[in-house]
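Only one chain is included here, represented as structure tokens and corresponding to the form predicted alone.
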Amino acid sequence: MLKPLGDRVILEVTQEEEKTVGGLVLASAAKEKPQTAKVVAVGEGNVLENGQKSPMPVAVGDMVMFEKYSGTEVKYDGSEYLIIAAKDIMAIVE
């Protein structure tokens, strides 16, 4: 598995099929980019001026909402992931 560095987080983006009210499935070009994902790996945090590491705001397994066009998409072992900075995570979905 990939191990993120610093304050980076690796997300597995949920791909939901979108349908119209009439039941038509939207083409991928018509869909908005998903903004929720499951955290699959978390970095150790940034090193602060006093030498300690800042705690990460999320943990593996959390469902999160992130900024729409943030991060870098990567493929690894046949799966697609999104690597983003912790600051781009807006909320934890409970």
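Because the structure is a prediction, the values reported are computed rather than measured. Heads up: residue numbers just count along the shown sequence, starting at 1.
Below, we turn to the form predicted together with another copy of the chain, even though it does not appear here.
- Using a 4.5 Å cutoff between non-hydrogen atoms, V40 does not count as a contact of another copy of the chain in the predicted complex.
- Using a 4.5 angstroms threshold between heavy atoms, P55 counts as touching another copy of the chain in the predicted complex.
- Residue contact check for E73: one or more of its heavy atoms lie within 4.5 Å of another copy of the chain in the predicted complex.
- Although the partner is absent here, I83 sits close enough that one of its heavy atoms falls within 4.5 Å of another copy of the chain in the predicted complex.
- Residues P57, V58, M65, E67, T72, E73, V74, K75, Y76, I83, K87, D88, I89, M90, A91, I92, V93, E94 of 57-94 are found to place at least one heavy atom within 4.5 Å of another copy of the chain in the predicted complex.
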